[in-house]
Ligand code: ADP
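Next up: a single chain in structure tokens, the form predicted on its own.
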């Protein structure tokens, strides 16, 4: 995104408040000549901040405003939006995991080892598959059915919401464990949060609320 100068910000505000407005009218408001104003108007037009129509004048590009606001939120760090992960021990039974899933009203559980490192991911689908035709769920540990490293798709707190959305869409999953690397240990991560499709939706809702202010 192009960083605007102080004068370009002033021009943009004039167009937002008064558009459609001619170049002469903008120049008069800033006590400038039209020649001095022309380069700034060209930059604002090429960057998409404003549009121009012959015999009408310049007007603010609302689509650019939506795009810029969306970019603002999608470039927010995952760390600003992550939720507390619902954690279980990797040795608990499938039955207990199902109970925990419904008590917490979530779609995914995260299994950790004794050091708090991510050991596995258990989804609703995993639990459903395990329960079909299996009458002894209390004896079956989640470690048998969970997705293990290095097959777990993760995200770091420093990555963006946009990157989180891409990973969920590309991998057909509903949530991501937010993790930090453990120094010197390959495929070993400290679980620090979770981010879901609902998280992304909430960011868009905030975007729309800001747009309507």
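Numbering follows the first chain given and starts at 1. In this text, all values refer to a predicted model and were calculated from it rather than measured experimentally.
Omitted here: the form predicted in complex with the ligand. The next part is about that form.
Distance criterion of 4.5 Å from any heavy atom to the ligand in the predicted complex singles out 121 from the list 121, 130, 78, 97. Scanning 52, 43, 153, 37 against the ligand in the predicted complex with a 4.5 Å heavy atom cut-off leaves one residue, 153. The stretch among 23-31, 183-191, 169-177, 52-60 whose residues place heavy atoms within 4.5 Å of the ligand in the predicted complex is 169-177. Not displayed here, the ligand is approached by residue 147 to within 4.5 Å at the level of heavy atoms in the predicted complex.
The closest heavy atom approach of residue 125 to the ligand in the predicted complex falls within 4.5 Å.
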